[in-house]
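First, one chain by itself in structure tokens, the form predicted alone.
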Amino acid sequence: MTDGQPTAADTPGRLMAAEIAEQPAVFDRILAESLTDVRGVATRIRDAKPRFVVVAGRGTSDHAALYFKYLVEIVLGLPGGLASPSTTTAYGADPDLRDVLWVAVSQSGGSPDLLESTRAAGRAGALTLAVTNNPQSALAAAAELHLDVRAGLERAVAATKTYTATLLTLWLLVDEWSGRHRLDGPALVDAAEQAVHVAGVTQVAGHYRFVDKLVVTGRGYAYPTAREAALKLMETSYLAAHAFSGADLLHGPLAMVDSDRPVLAVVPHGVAGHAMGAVLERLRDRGADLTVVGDAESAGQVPAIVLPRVAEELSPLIEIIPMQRLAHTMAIARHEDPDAPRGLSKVTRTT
């Protein structure tokens, strides 16, 4: 405060807003500085010839892990699974992990259960890789391999740039591992710049300002986005946001959808977008208060927020940015501070 007047440093949400806006620059930094490290890790993994990939993460990192699982199965043709660290840390299980690549994803590298389960995976025969924003962390030291996502210091509690930096790092790993080399860095950075400024976010936030519950849905590569968007809305605006894959939504949860429970549908172009066609139709039939974030061609209507178009497997890096902005804008409209959600800290310690 200065002479009783608020300063820029006092403005609620200023940190989260700045970190959302920083994401194109973070992408640029990763593309400039990470490729050598990624190639080294990809070479080590190719030499090991894993037959299965297990990915571990918590919260936002779990959604990045889910994205990686899709890449592993679709691009690499390998089976992938999401780990349950508590099977090791709480139940003392000792699975045989020979011929397995274990990937622990943690922005801080400070989660005790990920640390313990990664050490256990190494003892069980797995090749272990930590993907963190902290190369000095205990998790980075515990794994045989490490990739730094190079997001820089993130001060807001709600993760934004560390999430997309992790997604890009994981995509680069798969691209190098597969030998495809499909990187178009300038186009990706340009799409991120567009996403930071895309229209419609303020209008959607105003529409949802007073809701206390909503559903977020998407299919395929968009499903991790739906989950991450729901988490951002929950932790910044304290509403009950439920995330479902479009397929799962039709298997029961659809019964709770009506005009009083809004639905945010993430509908990018490509396979995932087209797969949402039947879901959108059922939602309209139920009279849902439906808002589409995505591609006009796939959605069959003009989305409230139109996404810049990139390759479908890269779309999660772009489509989450307007959703982060939505969470930020809604929190401010509800007189909350998204930089410091009530009762949350930057590092959550689970065992």
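Numbers for residues come from their place in the sequence shown, where the first is 1. These numbers come from a predicted model, not from an experiment.
One more form of this protein should be noted, the form predicted together with another copy of the chain, which is absent from this view; the next part is about it.
Colleague: Just one of 129 to 137, 161 to 169, 268 to 276, 176 to 184 has heavy atoms within 4.5 Å of another copy of the chain in the predicted bound form; which?
Modeller: Contact criterion met by 268 to 276 only.
Colleague: Would you please decide whether Phe244 lies within 4.5 angstroms of another copy of the chain in the predicted bound form, comparing each non-hydrogen atom pair?
Modeller: So Phe244 counts as contacting another copy of the chain.
Colleague: I'd like to check something about Thr202: if you look in the predicted bound form, is any of its heavy atoms closer than or equal to 4.5 Å to a heavy atom of another copy of the chain?
Modeller: Thr202: no contact with another copy of the chain in the predicted bound form.
Colleague: According to a 4.5 angstroms non-hydrogen atom cut-off, is Pro95 in contact with another copy of the chain in the predicted bound form?
Modeller: Because a heavy atom of Pro95 falls inside 4.5 Å of another copy of the chain in the predicted bound form, the answer is yes.
Colleague: Does any heavy atom of Leu147 come within 4.5 Å of a heavy atom of another copy of the chain in the predicted bound form?
Modeller: No, Leu147 is distant from the partner.
Colleague: Taking a heavy atom within 4.5 Å as contact, would all three of Gly59, Leu250 and Met256 count as contacting another copy of the chain in the predicted bound form?
Modeller: Judged in the predicted bound form, Gly59, Leu250 and Met256 all sit within 4.5 Å of another copy of the chain.
Colleague: Would you mind picking the one in Lys213, His197, Arg155, His207 that has a heavy atom within 4.5 Å of another copy of the chain in the predicted bound form?
Modeller: Here the answer is residue option Lys213.
Colleague: Of 29 to 68, which residues get within 4.5 Å of another copy of the chain in the predicted bound form if you count heavy atoms?
Modeller: Going through 29 to 68 in order - heavy atoms within 4.5 Å of another copy of the chain in the predicted bound form - the hits are Arg51, Phe52, Val54, Arg58, Gly59.
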